[in-house]
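Okay, so here's just one chain, in structure tokens, the form predicted alone.
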């Protein structure tokens, strides 16, 4: 069973045809869903606005109030890339609420896979500011709702850009493991391998920066070599995916070299991290090529549901193996340094 919470943003938050984060993205995504030809095997959920209680777990009240007021007054630009309009607050609240609806439905059914096709996206939004096309952090809102109920949450972020907002929100949270593969260098400039989490969550941030031209085999290897040992030890109750498709080789905003077939394999790998069926939710993040979005959504969901879909061949042979080793080494060195610092501090009494 496929649970689709939304879509949100197909008829709101309109930045115009010249902005890459435009309404047409949702039309392409939903075309990909329809390409699966699942009929009665898809359950569509209406996305209701996330309650203030859920938003406030990850965003400062001052920011929420200011963003709502800014939108109600007509909006404008938060930064050169990020816009908000008169209806953007409502769209952002519904985008954040869609993940909560998806989780509730999976819990009710006890089975299935959930997809959250929403815009504005979320993983760049921090506690006190929006940026990078993002206003509210959709995946973080859902993760925080789960941890508030005692659940342990793994967030896998394979967007081409590092999810700096998600990382910052859960930097010191021992109940959230955040893993990101991303192009380096690239906006927003965060996500070094030695960024490993705060004092209460040491090692629970895993960053794997990868060079332009990286192919699918390298991204999969990165997750298996650098991230999976930590995932196995963490033993998550839920897996939430910041499912950006801007790592596709045809995307105009990134320089990775993935195909739709690679996203299918990444999805299967992410699914293997979940403790059982009904504990996997994919949140749309980036992806700015209409054709790549459509094909990548279809193949990703098709792989999870074991539905045959025509797809591009997986890619291999690109650069990045050295980056994987550098990430592993940088992470180990950062962990060792923190342990030494803790040991020295403990011996000074």
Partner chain sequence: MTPIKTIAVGFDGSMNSQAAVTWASHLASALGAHLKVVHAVGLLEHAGQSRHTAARSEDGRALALAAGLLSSQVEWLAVDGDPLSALLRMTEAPHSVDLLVVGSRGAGQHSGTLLGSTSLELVEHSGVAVAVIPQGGPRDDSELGAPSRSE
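These figures come from a predicted structure and were not determined experimentally. Residue numbers count along the first chain shown, from 1.
Missing here is the form predicted together with its partner chain; even so, the following discussion is about that form.
Undergrad: Pick from 275, 188, 174, 211: which has a non-hydrogen atom within 4.5 Å of its partner chain in the predicted bound form?
TA: Selected option: 188.
Undergrad: Give me the residue from 158, 170, 115, 133 that has a heavy atom within 4.5 Å of its partner chain in the predicted bound form.
TA: Only one listed residue qualifies here, and that residue is 133.
Undergrad: Pick the stretch from 203-211, 68-76, 226-234, 94-102 whose residues have a heavy atom within 4.5 Å of its partner chain in the predicted bound form.
TA: Contact criterion met by 68-76 only.
Undergrad: Please tell me whether any heavy atom belonging to residue 152 falls inside 4.5 Å of a heavy atom of its partner chain, as the geometry stands in the predicted bound form.
TA: No.
Undergrad: Hey, in the predicted bound form, is residue 257 touching its partner chain, heavy atoms inside 4.5 Å?
TA: Although its partner chain is absent here, residue 257 would stay clear of it in the predicted bound form, with no heavy atoms inside 4.5 Å.
Undergrad: Answer for residue 128 alone: is it within 4.5 Å of its partner chain in the predicted bound form, judged on heavy atom distances?
TA: Yes, residue 128 lies within 4.5 Å of its partner chain in the predicted bound form.
Undergrad: With the partner left out of view, is residue 19 within 4.5 angstroms of its partner chain in the predicted bound form by any non-hydrogen atom?
TA: The answer is yes: residue 19 has a heavy atom within 4.5 Å of its partner chain.
Undergrad: Residue by residue through 243-278, tell me which have a non-hydrogen atom within 4.5 angstroms of its partner chain in the predicted bound form.
TA: Going through 243-278 in order - heavy atoms within 4.5 Å of its partner chain in the predicted bound form - the hits are 252, 253, 255.
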